[in-house]
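Only one chain comes next, encoded as structure tokens, the form predicted alone.
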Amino acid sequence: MKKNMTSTKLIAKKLAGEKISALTAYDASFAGVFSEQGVDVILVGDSLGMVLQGHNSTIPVTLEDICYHTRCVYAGNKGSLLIADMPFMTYSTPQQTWDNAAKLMQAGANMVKLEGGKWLLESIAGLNERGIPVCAHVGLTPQSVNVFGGYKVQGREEEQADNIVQESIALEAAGAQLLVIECVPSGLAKRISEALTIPVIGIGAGVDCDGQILVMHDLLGISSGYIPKFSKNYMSLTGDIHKATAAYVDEVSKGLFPGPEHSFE
């Protein structure tokens, strides 16, 4: 792969019509495998609360947890852009956001990810001013699961869909350099991808996003309990972690994943 992926290179890929591949990782070993197989973006996700710690949501994850796993991933990463999630209630005010984001950058992140809409605009602008790149996250935002009343598809109603579009545009204007959109109808994700100049990475958001991200445990078929509709078990198709990762990157790049069976209409 091209070494040392940057946000500028991701924007160039969008402009060239080339799809972006992303996976979560939580340690040096998997970070090494994923980056060697051409994954553009590695996310140290607060999903670790569920897949590593055994919680039923991401809410118990702490900043110290993410810092630790970011250091581990940084040690094994061989050129993918490394994004670190900001956990629940670690960015409730602008000053708190800036202070905690600095800790994640010092742990090795190239960018931090925040869930939410227009209430984050001041925080995002301030992060940019302080030299910290931002990935925004809209649609189904797992840290708000108790507000949503569960893990439900967002943006099916016209008013809510319009609101997600406007918030996405505002987040880009505030300085977000990347946007993750989760569990929304494919048409809405396509609309947002076309409206923004920054790359839009989908998970459960259809094939028309600029790229895709999966939790590594779903990719490898080792998730316990609920299996999301948008996931695909590449390990069962290849029988090898390296080949599973390469197959995922290849299918994303060719627009073969996600298929209609992994998407919401």
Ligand code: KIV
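Note that residue numbering begins at 1 and tracks the sequence as displayed. Computed from a predicted structure; not experimentally measured.
The same protein also exists as the form predicted together with ligand KIV; that form is not shown, yet it is the one meant from here on.
Relative to ligand KIV in the predicted bound form, residues 19, 37 and 246 are all farther than 4.5 Å at every heavy atom.
180 is the sole member of 188, 134, 171, 180 with a non-hydrogen atom within 4.5 Å of ligand KIV in the predicted bound form.
Interface residue among 203, 209, 41, 31 relative to ligand KIV in the predicted bound form, by the heavy atom within 4.5 Å criterion: 203. Stretch 44 to 52 is the answer when you ask which of 192 to 200, 219 to 227, 235 to 243, 44 to 52 has residues with heavy atoms within 4.5 Å of ligand KIV in the predicted bound form. Heavy atoms of residue 215 reach within 4.5 Å of ligand KIV in the predicted bound form, making it an interface residue. When contacts are judged by a 4.5 Å heavy atom cut-off, residue 113 counts as touching ligand KIV in the predicted bound form.
Contact residues in stretch 78 to 104 (any heavy atom within 4.5 Å of ligand KIV, taken in the predicted bound form) are limited to 85.
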